[in-house]
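One chain follows as structure tokens, the form predicted alone.
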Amino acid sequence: MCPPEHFTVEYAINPWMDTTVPVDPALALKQWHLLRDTLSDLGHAVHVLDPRPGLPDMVYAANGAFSVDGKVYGARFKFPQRAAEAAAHQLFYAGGPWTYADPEHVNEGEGDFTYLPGAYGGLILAGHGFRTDPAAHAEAQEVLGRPVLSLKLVDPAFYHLDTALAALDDRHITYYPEAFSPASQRVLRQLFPDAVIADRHDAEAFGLNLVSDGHHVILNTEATAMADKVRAHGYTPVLVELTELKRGGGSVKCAVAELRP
């Protein structure tokens, strides 16, 4: 995670960003600390990446890379405003037991990749359509040595995979069908017939931008309907207020890069 010490909305690169509405920096930092403490209280180790001036979106740490089995596929951001974030994440992985691959193709890390180790022998789901080049999916497959399923996103409001789909545990997902192309919807229905289906209200509340450890599902406080759905499927929802981070187009998942050694 990366604290929002320099977080502002000074440019608009997704439909949720409104440069005319000021961010409350103190509240953003308070909410971020609450999320970090929630993860720690649930027993998870949280590593903190130092924020850098001039990179207000570094708080969305999930976008900086994607790791599987100790291998790391780095990010190459689409927009120049975020490009320097990739190097900061690379430095983090250089200090640990990771094998890092610098990408050739545009991709935004866990924003457009997620991993299901218990599904089909270990399956990566990958989104494209707005921020990630489809060629990055093949590149990630070569780097990570895991099969990659490409899914096309079609609604600009859900510009990253992690706004439209989430892993609930090693084998199960939740997703909002209409965020995907008809062909991708058919593939998801075939491979995940027992998925938790979200609606547009859930997605617009960033209810799919969640983090789950297989038991606890951490969601933002606006996603009450989504919390009810995951509870009905046997998970324990944990609600955290993240209203300020939503101003930049992100929520729980965007703020958390999951490390898979």
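Note that the coordinates shown come from a computational prediction; the quantities given were computed from them, not determined experimentally. Position 1 is the first residue in the sequence shown; the rest follow in order.
Omitted here: the form predicted together with a small molecule. The next part is about that form.
Taken together, 74, 137 and 144 are entirely out of contact with the small molecule in the predicted bound form: none brings a heavy atom within 4.5 Å. Just one listed stretch, out of 155-163, 179-187, 99-107, 118-126, contacts the small molecule in the predicted bound form at the 4.5 Å heavy atom level, and that stretch is 155-163. Shown alone here, residue 172 lies farther than 4.5 Å from the small molecule in the predicted bound form, counting heavy atoms only. The closest heavy atom approach of residue 223 to the small molecule in the predicted bound form falls outside 4.5 Å. Taking non-hydrogen atoms only, residue 239 never approaches the small molecule to within 4.5 angstroms in the predicted bound form. The small molecule in the predicted bound form comes within 4.5 Å of a heavy atom belonging to residue 82.
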